[in-house]
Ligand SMILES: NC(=O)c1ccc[n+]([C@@H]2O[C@H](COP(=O)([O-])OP(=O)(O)OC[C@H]3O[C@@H](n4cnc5c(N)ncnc54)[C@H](OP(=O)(O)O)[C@@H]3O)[C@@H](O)[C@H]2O)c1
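Next comes just one chain, in structure tokens: the form predicted on its own.
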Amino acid sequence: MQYRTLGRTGLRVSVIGIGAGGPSRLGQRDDIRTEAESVALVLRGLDAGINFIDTAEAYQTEAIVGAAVAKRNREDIIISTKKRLRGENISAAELRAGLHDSLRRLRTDYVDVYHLHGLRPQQYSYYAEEILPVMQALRQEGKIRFIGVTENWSGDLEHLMLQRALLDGHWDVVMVGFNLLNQRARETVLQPAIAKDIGVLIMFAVRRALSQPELLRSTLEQLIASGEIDARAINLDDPLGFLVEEGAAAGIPDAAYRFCRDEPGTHVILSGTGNPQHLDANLASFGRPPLPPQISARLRQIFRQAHSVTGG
């Protein structure tokens, strides 16, 4: 397992993190797993060397994470969770109550990273001025170790909220959408985060468009139609097939994870799963070497202007 230092937090984190949200939510979204099976899945990841788990109030998986962590040494595990933000701004009291509820479900008395979840650009000023001081107070109380913020990528494709957050420098950790289909965050988020030593969590490294061939084809057709990629650079009959044909990767998801893992400025690449075999395949990807330089360069070239899709 490869580990990195999560920016200025000093936390040593596994480069692959268990994502307890996404399309699967540890197998709970469509009830494909019992709670016991989902707990066992988290334990399987922890026993393989993963030490970073990301969950959220909104995911309804905090209790599962808590049950798994209770079976291992809490101090060896880094828990990231998030406070749900609604259409109307939440109050300081609601933030405090939300954290206390999360701590109860997680069976812990502190959270390593506590985020505002899916903060939109138009909300930023209120939360930076009114709620951030409450989070800082909670950190002083020992209930939060580090303060984070996550974006609503589908509604903020230009990463405007995170650009403001990085300028302010108040946030220890940010979560950003980034994948080989949309690399716009490289200049707007990742490079500024490097300059300020901010921890970076990557979401959407692999979502449906990178794991379902028909959806990948339609996504690429959309990008060709909008002029964001050159039709001559892609074979729509075998989208991104060169990754496998040239022996660079075991498959598109494998290449996608490794592409994000080795992007400068990234620390934890979140990987959601609902079954042990999928988890094992993801772990295998993170154990492989970097993509060949010519392959990474080709992916950057093909998608250099892509900005309108998330891969979700």
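Don't overthink the numbering: it's just position in the shown sequence, from 1. Note that the structure is predicted; figures quoted are calculated from it, not measured.
Unshown form predicted in complex with the named molecule; subsequent notes refer to it.
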In the predicted complex, do 7, 9 and 111 all reach within 4.5 Å of the named molecule through at least one heavy atom apiece? no
In the predicted complex, which of the stretches 241-249, 42-50, 265-273, 65-73 has residues with heavy atoms within 4.5 Å of the named molecule? 265-273
Looking at 223, 203, 144, 198, which is the one with a non-hydrogen atom within 4.5 Å of the named molecule in the predicted complex? 203
Among 98, 121, 118, 192, just one has a heavy atom within 4.5 Å of the named molecule in the predicted complex, namely 118
Answer with yes or no whether residue 23 is in contact with the named molecule in the predicted complex, where contact means some heavy atom within 4.5 Å. yes
is_contact(residue 82, the named molecule) in the predicted complex, heavy atom dist at most 4.5 Å: yes
Closest heavy atom of residue 207 to the named molecule in the predicted complex, within 4.5 Å or not? yes
Wondering, does residue 38 line up within 4.5 Å of the named molecule in the predicted complex on heavy atoms? no
In the predicted complex: members of 243-267 within 4.5 Å of the named molecule, any heavy atom: 253, 257
